[in-house]
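What follows is a single chain, given as structure tokens, in the form predicted on its own.
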């Protein structure tokens, strides 16, 4: 058929879909950014992208758009997808099953799944179901399309898995994470637009982690509020080596009508004070003991490993400069999301020197209300070469 012979046209469509999907790479990581489209008479009648972590995959979005396009299903020539459809259950069901259920007869694939645990399985499922698969592996280059995904699948990461960690903080123009005492409300560096974005981000992670210092200074709730997705709120995690978190902290209050909060986990040193442990457990916390590296600091790699074992794949770090710097220095941060407000001055140290020692890769710069926002992938931690 003409479709099978017009490989350059298919490759051009795949590259176009891949470029569109790349716009969402910071929102889907550690997942790959994937684009899909439905072809009819040589034209793309529908497109779809994987837009955010936990959301529907590109294939599902493209098929839904095609169903609403008015083009009869019998006129759908092929589904184009930039990466081999997934074959396993995660935040969503396998795309291979969704494609089979849609009744489409031909799928064009721009790159094979690089994960050795899944490579080829999606195509195998489609072929077994009688779907013709045109494998154009190499039409989309993952080293350009989704290098973060390849780092996620590196041998070292597979041997010692840890959550994909996004470090988020707000800073003043001079780099402080605490606003000056003369600020109007005395608390927020970010404006309302940035604060709303943070709740969207909270709704798209498995866990939110902070340190006792932030609990003591800010008494946060770490909940998800509108416009964030609240049906499956993230686990709330506190690193508190000596269990100084008060049982009456706002973490343990019942969520309000417009908010949702996940379970509270507190990491502490092995052999904690029995009375403090009992009081926090009665307040609703689950305590996890891990080794410490000195009298005041927990082993952050051990914490990350325990979180991964509990199924936390995407973690949001909302902490002060000390814990954030320590996570960066340990190589446990994969991505940064930095809001810079329009005020100068502030209290406490900055993260400037720590960031200078970190190699940042791809970045995205946005304006959000009175703030600028930078998203970037961490490609090498301090001290790496």
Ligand SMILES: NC(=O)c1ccc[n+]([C@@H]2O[C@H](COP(=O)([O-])OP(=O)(O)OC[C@H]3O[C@@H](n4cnc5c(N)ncnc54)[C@H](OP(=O)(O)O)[C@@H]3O)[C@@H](O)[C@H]2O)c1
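Positions refer to the first chain, counted from 1. Please read all numbers here as calculations on a predicted model, not as lab measurements.
What follows is about the form predicted together with the named molecule, which we do not show.
Partner proximity in the model of the complex, defined as non-hydrogen atoms within 4.5 angstroms of the named molecule, places exactly one of 105-113, 85-93, 171-179, 270-278 at the interface: 171-179. Using a 4.5 Å heavy atom cutoff, 240, 244 and 319 all lie near the named molecule in the model of the complex. In the model of the complex, the named molecule sits beyond 4.5 Å of every heavy atom of residue 260. Contact annotation for residue 358: none of its heavy atoms lies within 4.5 Å of the named molecule in the model of the complex. In the model of the complex, at least one heavy atom of residue 326 sits within 4.5 Å of a heavy atom of the named molecule.
For the chain shown alone, residue 212 is a contact residue for the named molecule in the model of the complex, at least one non-hydrogen atom being within 4.5 angstroms.
This chain is drawn without the named molecule; in the model of the complex, the residue among 134, 217, 129, 101 with a heavy atom within 4.5 Å of it is 217.
Screening 166, 78, 189, 205 for any heavy atom within 4.5 Å of the named molecule in the model of the complex leaves a single hit, 189.
Residues of 296-320 lying near the named molecule in the model of the complex, listed in sequence order, are 296, 297, 298, 300, 318, 319, 320, the criterion being any heavy atom within 4.5 Å.
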